[in-house]
Ligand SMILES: Nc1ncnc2c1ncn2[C@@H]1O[C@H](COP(=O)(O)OP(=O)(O)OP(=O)(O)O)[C@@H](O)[C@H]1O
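First comes one chain, alone, set out as structure tokens in the form predicted on its own.
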Amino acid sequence: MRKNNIIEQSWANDLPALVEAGLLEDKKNLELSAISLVRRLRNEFPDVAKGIAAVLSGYSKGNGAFRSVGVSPPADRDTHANLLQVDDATRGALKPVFDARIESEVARFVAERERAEELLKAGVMPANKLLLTGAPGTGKTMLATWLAQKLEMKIAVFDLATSLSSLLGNTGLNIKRIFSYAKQESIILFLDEFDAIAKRRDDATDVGELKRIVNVLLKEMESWPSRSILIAATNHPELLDPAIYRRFDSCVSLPLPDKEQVIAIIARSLGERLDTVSPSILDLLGEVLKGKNASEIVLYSNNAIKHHLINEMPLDESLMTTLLDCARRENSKKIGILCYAMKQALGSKISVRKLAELSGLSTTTVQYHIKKGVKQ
């Protein structure tokens, strides 16, 4: 009898917090209190724990009575411009090409979302906030879109240009409104250029209102519900307020592609045409284009395909011509180095005359670069 009294007193201590969170419409703390009850009750009162877990699971998936109906995305009250671009047509979204480390981090986040019901029944909150960092073109937006497709969720993109009102007092209100909308929906809220609204509060160059916006963000992120996902992306993680980092379940830094990933991106872009490309050309492209971002590599591949189709040129030749065109635009000194690299990769398959034709250099100049490269 005494043991049961202790158990009842233990879970009864959660009830005031549960009631308070409900009255304040604090969904995050309401969930946390309910999860705590599941953990405390599952041994002595398994049926009650199972019932609470079922409610949590239904809420996390946006099922039944929890599914919002006809909720319109918010608009700026002054300009009437939409603050969010909501898209539920993410079919065909491609997964970015990542190394094994990033693949593992992404797979872990997906696994937690796909097994959210199981985790909630065990009294554990699944991951629901993800921070993506990396240089432009490394696949942050592409990954957010692919996750929406993978998890079969709508994605809402926060238009920071619209939300950062000239009347700064409205910006905090806009942020509250988009978070309120996203919390009602089972949705992915994607915040690109996150550093624009989540800057360090010790930055002396920022006005006080921007610091208050960070406080609004922190409060909204604290009450983020399990059924929605928040993904933020930034090219400048060093600008973010330290407290913002602690609000995310996972922070994933996306690097620029290495040689193997460059080849994988080109191969996917070329599709069935890949069979006509020499392996030595692919190896050369991987070496020359490593360090470029994925967007640049895809653009290069698409330009090569267009050049191949329009000029009825062999794809190998088109890939080389496009590569030389890129080098010519970026740095003319690279053309000679590329001629040497192409000769090394293809050997007798390509003549000095052909390299001169593709590069626009004289045969004498091409020969000079080849000899210079061999000596080095």
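For every residue, the number given is its place in the sequence shown, counted from 1. Bear in mind the structure is a predicted one, so any value in this text is a computation, not a measurement.
As for the form predicted in complex with this ligand, it is not shown, yet the points below apply to it.
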| property | result |
| --- | --- |
| 4.5 Å heavy atom contact, Pro242 and this ligand in the predicted bound form | no |
| Asn235, heavy atom within 4.5 angstroms of this ligand in the predicted bound form | yes |
| Close approach of Asn82 to this ligand in the predicted bound form, 4.5 Å, heavy atom | no |
| 4.5 angstroms heavy atom contact with this ligand in the predicted bound form for Arg227 | no |
| One stretch from 260-268, 280-288, 149-157, 107-115 that, in the predicted bound form, holds residues within 4.5 Å of this ligand by heavy atom | 260-268 |
| Position in contact with this ligand when the complex is considered in the predicted bound form, options Leu274, Ala135, Ala122, Leu173, heavy atoms within 4.5 Å | Ala135 |
| The single option of Ala294, Val86, Val252, Val214 touching this ligand in the predicted bound form, heavy atom within 4.5 Å | Ala294 |
